[in-house]
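Next up: a single chain in structure tokens, the form predicted alone.
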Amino acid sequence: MKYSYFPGCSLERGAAAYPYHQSAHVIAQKLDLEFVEVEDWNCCGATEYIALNRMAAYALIARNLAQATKNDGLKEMVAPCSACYLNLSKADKYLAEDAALAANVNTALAEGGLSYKPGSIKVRHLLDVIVNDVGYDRVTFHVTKPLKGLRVAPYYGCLVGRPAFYGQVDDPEYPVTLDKLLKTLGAEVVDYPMKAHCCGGHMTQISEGVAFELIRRLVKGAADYQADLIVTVCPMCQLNLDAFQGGMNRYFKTNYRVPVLYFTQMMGLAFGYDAVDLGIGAELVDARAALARIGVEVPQVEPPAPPRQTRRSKEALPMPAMPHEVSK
């Protein structure tokens, strides 16, 4: 099975999300999936840009779709990042519905020698491809080290199931595909009512109180159900729940320590790969104790030399504190 592949900025350039990219390619080899990276791709624009300049935003997104049409006639493109998946699929649908927008976008693309006909590329999330193209049975076939004894909270976030531009892949309010996949890997899946709730997205850069409350609900929900870790399908969700968990604890005076890993890393472990091959150990909330329950050893990653720290202003935007940072 062969697909175009759009990594996006987070997966290929973000320290927290690169393990998702790394582990996705590891399991792809095991499952005979071939990912052909879109040549010279650019940022999908994240979310806010569309509200600032609609035409420019869709031109930015559509350029990736146009570039994907060059990939040996491949008609489907995999986007592991939920935000990229949303933006790319949304652009394709809206260009198909709005002839004036499509014309303006193609005028912009023509400056770079490109054009895009809506419907030429179908954008799919990696979870959708694993579940519906590979299938649970084939995944089961490759499981050599079941995750038996590991309690996991499946976290989809709010973008994968909504608004489903190409048809509903899963229930938008209470999805179950990731639950089934993790059970196939041998893990014990906890009942996690927060599984499709928002992580806050970029709210961490806008409103500290709102962002930390959204994160608190998700982490507390997993802890209340005694999950050893949260498993996610989105780099933004992983970043918020992992990197900002410490800040959330300080804000609410709590002491949660719930690791957050990617579903591709869980698949890799069940397939018999070592933690280091899957990028496990790069997360900020240490997953070693949780994975020790299933006999997985995680190498300790030495943090870089701590930079000079200054006291943050109370008015400053909230930023994640690294484990090696000295409290002031």
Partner chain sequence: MPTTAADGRTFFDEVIAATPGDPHLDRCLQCGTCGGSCPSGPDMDHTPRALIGMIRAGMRDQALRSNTPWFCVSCYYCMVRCPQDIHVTDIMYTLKRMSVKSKLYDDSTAPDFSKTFINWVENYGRAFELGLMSQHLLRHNPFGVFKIANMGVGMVTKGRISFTPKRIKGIDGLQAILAKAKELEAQYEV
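Small disclaimer: the values here were computed from a predicted structure and weren't measured. Between two forms, the rigid core is the largest collection of C-alphas that superpose within 1.5 Å. Numbering follows the first chain given and starts at 1.
Keep in mind that the form predicted together with the partner chain is missing from the display, and what follows is about it.
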| property | result |
| --- | --- |
| Listed residue (V139, M203, A223, V190) with a non-hydrogen atom within 4.5 angstroms of the partner chain in the model of the complex | M203 |
| Listed residue that, although the partner chain is not shown, lies within 4.5 Å of it in the model of the complex (heavy atoms), from V36, V26, C43, A290 | C43 |
| Contact segment among 141-149, 125-133, 226-234, 83-91, judged by heavy atoms lying within 4.5 Å of the partner chain in the model of the complex | 83-91 |
| Y58, heavy atom within 4.5 angstroms of the partner chain in the model of the complex | yes |
| Contact flag, V176 vs the partner chain in the model of the complex, heavy atom cut 4.5 Å | no |
| K180, heavy atom within 4.5 angstroms of the partner chain in the model of the complex | no |
| Contact label in the model of the complex: G119 to the partner chain, heavy atom within 4.5 Å | no |
| D32, G167 and V276 each touching the partner chain in the model of the complex (heavy atom, 4.5 Å) | no |
| The partner chain in the model of the complex - contacting residues of 139-174, heavy atom within 4.5 Å | C158, L159, R162, P163, F165, P172, E173 |
| C-alpha of H25 moved at least 2 Å between this form and the one not shown on rigid core | no |
| C9 C-alpha relocation of at least 2 Å between this form and the one not shown, rigid core basis | no |
